[in-house]
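Presented as structure tokens, the chain that follows is alone, the form predicted alone.
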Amino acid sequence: MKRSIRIAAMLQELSGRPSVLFNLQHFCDIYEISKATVSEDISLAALALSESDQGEIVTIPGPAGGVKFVPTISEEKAKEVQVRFCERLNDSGRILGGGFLYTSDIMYDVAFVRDLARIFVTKFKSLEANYVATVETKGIPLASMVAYMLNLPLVIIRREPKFSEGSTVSINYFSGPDQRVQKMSIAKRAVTFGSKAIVIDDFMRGGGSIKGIWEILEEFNIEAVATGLAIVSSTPTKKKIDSYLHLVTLNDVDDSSKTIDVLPNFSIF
């Protein structure tokens, strides 16, 4: 097999299973080449990924090591994605009233969500998390993509417990500007006691739901090592949580003038 074809095949396998560690011997056996040749091929593949801003190949030394593809994104490309996100949100037709926007079409646009997820993967790739957690429903596509790219299980926290999930743990939490008491639950079999999780969601206003996620994870002694949010409202200024990373800031939705003030959060870099 020609080297160019072999490298393309390696890239296909690595990118098809992001964050999965491949031992070099795996490629030696498939292509009947030495480890030295595999290392040279991997270096060329890593260069190609870097030049095209598709991600990076991480090499882990040692007998238990190997290589893995991580779909990261450059700062320049990430800022372009954030600007495009704001452009899509800045459409008066999205205004629903009461300061809310229609965002389902964006949050279920898999190709675009993939770009949003790459930003979170770039920021959270070094965390030794065991899960990605989200609350149903619109945050699921984004959280699912982050989980896939980091090769982690996805834990979906329900608004109401479902019989099909077996035994669950539920909590009450305060959410919304009127501080309504709401409920969320998690299946006991979904997580392991004493692990770590990355929390991902689509929107945060006051932080009640995110705080609820943190609290229900604490019931299992699970540490929320990072929280990533697609959109955060600038009001209220005082949030119920103080540690999170968000992509864009929603400053104002004016029903009367039909204007939307949304800006990218470039401070994450």
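On a predicted model such as this, the values are computed, not experimentally measured, just so you know. Just count from 1 along the sequence shown to find any residue number.
Another form, the form predicted together with a further copy of the same chain, is not on view; read the next lines as being about it.
Though a further copy of the same chain is absent from this view, in the model of the complex it lies within 4.5 Å of a heavy atom of just one residue from Leu44, Val58, Ile33, Ile241, which is Leu44.
Proximity to a further copy of the same chain in the model of the complex, defined as a heavy atom within 4.5 Å, holds among Ala190, Val83, Leu89, Val169 only for Ala190. Checking 44-52, 233-241, 60-68, 211-219 against a further copy of the same chain in the model of the complex, the stretch whose residues place heavy atoms within 4.5 Å of it is 44-52. Of the heavy atoms in Phe174, none are within 4.5 Å of a further copy of the same chain in the model of the complex. Heavy atoms of Met145 reach within 4.5 Å of a further copy of the same chain in the model of the complex, making it an interface residue.
Though the partner is left out of this view, Glu136 does reach within 4.5 Å of a further copy of the same chain in the model of the complex, counting heavy atoms only. None of the heavy atoms of Gly194 is located within 4.5 Å of a further copy of the same chain in the model of the complex. With contact defined as any non-hydrogen atom lying within 4.5 angstroms of a further copy of the same chain in the model of the complex, the contacting residues in 1-16 are Met1, Lys2, Ser4, Ile5, Ile7, Ala8, Ala9, Leu11, Gln12, Glu13, Ser15, Gly16, given in sequence order.
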